[in-house]
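Single chain ahead, by itself, as structure tokens, in the form predicted alone.
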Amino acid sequence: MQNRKDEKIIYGRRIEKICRYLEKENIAAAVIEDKEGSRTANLRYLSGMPMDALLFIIPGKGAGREDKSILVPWDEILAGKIACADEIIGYTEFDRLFENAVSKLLEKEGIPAGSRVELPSALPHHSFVNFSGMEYLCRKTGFESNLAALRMVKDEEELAIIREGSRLTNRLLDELEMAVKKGEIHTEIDIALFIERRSRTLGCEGTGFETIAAGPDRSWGIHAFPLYTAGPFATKGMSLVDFGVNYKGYTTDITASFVKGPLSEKQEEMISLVEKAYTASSEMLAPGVTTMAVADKATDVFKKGGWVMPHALGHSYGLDVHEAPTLRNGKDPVVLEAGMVVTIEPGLYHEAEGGVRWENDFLITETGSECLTNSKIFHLID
């Protein structure tokens, strides 16, 4: 387990990277806000605080001034126990008002009038227009875009967490497979609650997102609605479960399909094509390869079989279940780099036959890729 000194070094290193960007852009301070209705994992990435706080980032300039991070949490006790920042000031000091915190802290830190200050891009216009005294910026392509780019390549500490989360995911999946094969799982609710309970028992914060469990009657949905019901699971046909565990803030994301015969000819065709697309695309993962090229490989497999996959091939993940880059056809390809983590999740869906999807998590390495999770298409025998 990392000690507080190590954590301060880790978060300090990330803050320093953002400060160099702010310095280059001549920005005197930047503000991150996480609250109900406007969540951002950037807060936890830079401070370890999971939610409900402001984070001020102030690059050092002249006279030996050092970079500084100031955390303004709603829960000051929690922040004192788990967060890392140069200074922690309770939100109550500012009457829990965003405008008060910004104006008073900029004044306290001696930020000169007219300086460039970047506010959260999600800040409502009616709030933004009330700010004065500085050149306030509120934009989509600002420091938050720079943060997104930084978060695409995981650092050493993140990868250690992701590896452990993957190990726990694999253990849970092994237990889940055994429970299904023993007949201990009968319904979608059974499987969702099994995952919820075991993830927490294994030391996770919980699931990374709400589990999707769809039996043969509902697996035709890309993301079934409702996400799970009291309906049967792993009976004749194709069932799927899409889940991840949240370990120290970082989620995994896998999909396992459970198929039980006798299957129709079309179902057999769907399963075969998904397996081929998964193998062909995952084998392409390597530094220097574009996300579009990987997605195109799966698309070609399905096209030759006369099918179309109705969603992207995969995406990155981490503090959020969906992060950049996305593996998809079309515009904005990203070149894969060592240290990125991505999912490969080809799937096919048919209203009458059901759906099948196969998803695992991969780490891009210096020489290729490493599959971190052990999900598969499970073929059940009566």
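Residue numbers run from 1 along the displayed sequence. Here the structure is a predicted model, which means the values were calculated and not measured.
One more form of this protein, predicted in complex with another copy of the chain, exists but is not displayed; see below.
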(message) Taking another copy of the chain in the predicted complex, would I27, K297 and A338 all count as contacting it (heavy atom within 4.5 Å)?
(response) no
(request) Considering only heavy atoms, tell me if K68 and another copy of the chain come within 4.5 Å of each other in the predicted complex. (result) no
(request) Could you confirm whether F143 comes within 4.5 Å of another copy of the chain in the predicted complex, counting heavy atoms only? (result) no
(message) Just checking whether K304 would be counted as a contact of another copy of the chain in the predicted complex - the rule being heavy atoms within 4.5 angstroms.
(response) no
(message) Can you tell me whether V321 touches another copy of the chain? I mean in the predicted complex, with a 4.5 angstroms heavy atom cut-off.
(response) yes
(request) Quick one: find which of 175-183, 117-125, 288-296, 252-260 has residues within 4.5 Å of another copy of the chain in the predicted complex by heavy atom distance. (result) 117-125
(message) Can you pick out, from I189, I88, M284, L150, the residue that has a heavy atom within 4.5 Å of another copy of the chain in the predicted complex?
(response) I189
(message) Give me the residue from K276, H311, R171, K104 that has a heavy atom within 4.5 Å of another copy of the chain in the predicted complex.
(response) H311
(request) Could you list the residues in 82-111 that come within 4.5 Å of another copy of the chain in the predicted complex, counting only heavy atoms and keeping sequence order? (result) I82, R96, L97
